[in-house]
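A lone chain, given as structure tokens: the form predicted on its own.
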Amino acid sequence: MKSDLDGCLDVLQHKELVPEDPLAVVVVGSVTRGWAHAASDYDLYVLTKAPCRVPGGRAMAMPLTPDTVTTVEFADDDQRYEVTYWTDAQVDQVLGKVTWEAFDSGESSLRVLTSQEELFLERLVDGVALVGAEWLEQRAEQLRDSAYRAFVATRSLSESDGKVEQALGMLEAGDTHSAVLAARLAFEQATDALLDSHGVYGTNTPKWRARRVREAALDALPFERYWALQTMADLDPKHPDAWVRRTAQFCKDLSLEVEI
């Protein structure tokens, strides 16, 4: 895989988008997971000791110190790239928010990270280091040892439980159409909880949920069962309430398979 991606580093260096002595340059996203298609971007993270300024970069606010990360987007030979620059200290702070102490403090069902912070951590799991393989291995190990998996799985599970109750309540109120949509959301969140609990992350990129389910190949959620519910294949328009109740019960059953 790395040999196929080395050209990315050449492109960045040619455009002077790699500072001297970076801690790591990591390719992330669909390319490294084997999910890329013709329109896919190359997403990269550049890790540095100090903040760096790059031509054409835009600052993205973060609840960290420094309080921004820089992103630059460009095209080269019809291939699009998105490069984001993080400091090592910022990574320390992100991981510091998902310790087991923080989880045990009662914050477990809350979103303690921004979506961009979560996306950063999730992408480390399948990242490919063009520079700084040791840095990436160390950070991936820290992520595995953290409570991140417990945080996201617990949150997805809590959200699913809430949507189940809403769906059933909507049925009782006669709001069947809303109940159908709430039940499907509950199922999606229950699916995320199950996948998160197995370290198959992607809550912030729902477009890849089906790929995650297929590749995880979990006994608790065979792909065919997942796809039937996701597409509402067995929904009878004349009796949608039956589908809502079946789906709500399946979500409850699935929640029992989630290990925190």
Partner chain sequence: MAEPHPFGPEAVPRRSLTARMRKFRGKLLVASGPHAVELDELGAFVFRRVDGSATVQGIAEQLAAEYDVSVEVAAQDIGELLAQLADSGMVEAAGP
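Model, not experiment: these values are computed from the prediction. Residue numbers count along the first chain shown, from 1.
One more form of this protein exists, namely the form predicted in complex with its partner chain; it is left out here, but the text below deals with it.
Here is the short version: of 78, 104, 141, 134, the single residue with a heavy atom within 4.5 Å of its partner chain in the model of the complex is 104. Considering its partner chain in the model of the complex, the lone stretch of 114 to 122, 70 to 78, 164 to 172, 84 to 92 in range is 164 to 172 [heavy atom distance within 4.5 Å]. The closest non-hydrogen atom of residue 158 lies within 4.5 Å of its partner chain in the model of the complex. Interface residue remark: residue 25 is not counted as part of the site for its partner chain in the model of the complex, having no heavy atom within 4.5 Å.
When its partner chain is considered in the model of the complex, residue 258 lines it closely, a heavy atom lying within 4.5 Å. Within 4.5 Å of any heavy atom of its partner chain in the model of the complex lies no heavy atom of residue 15.
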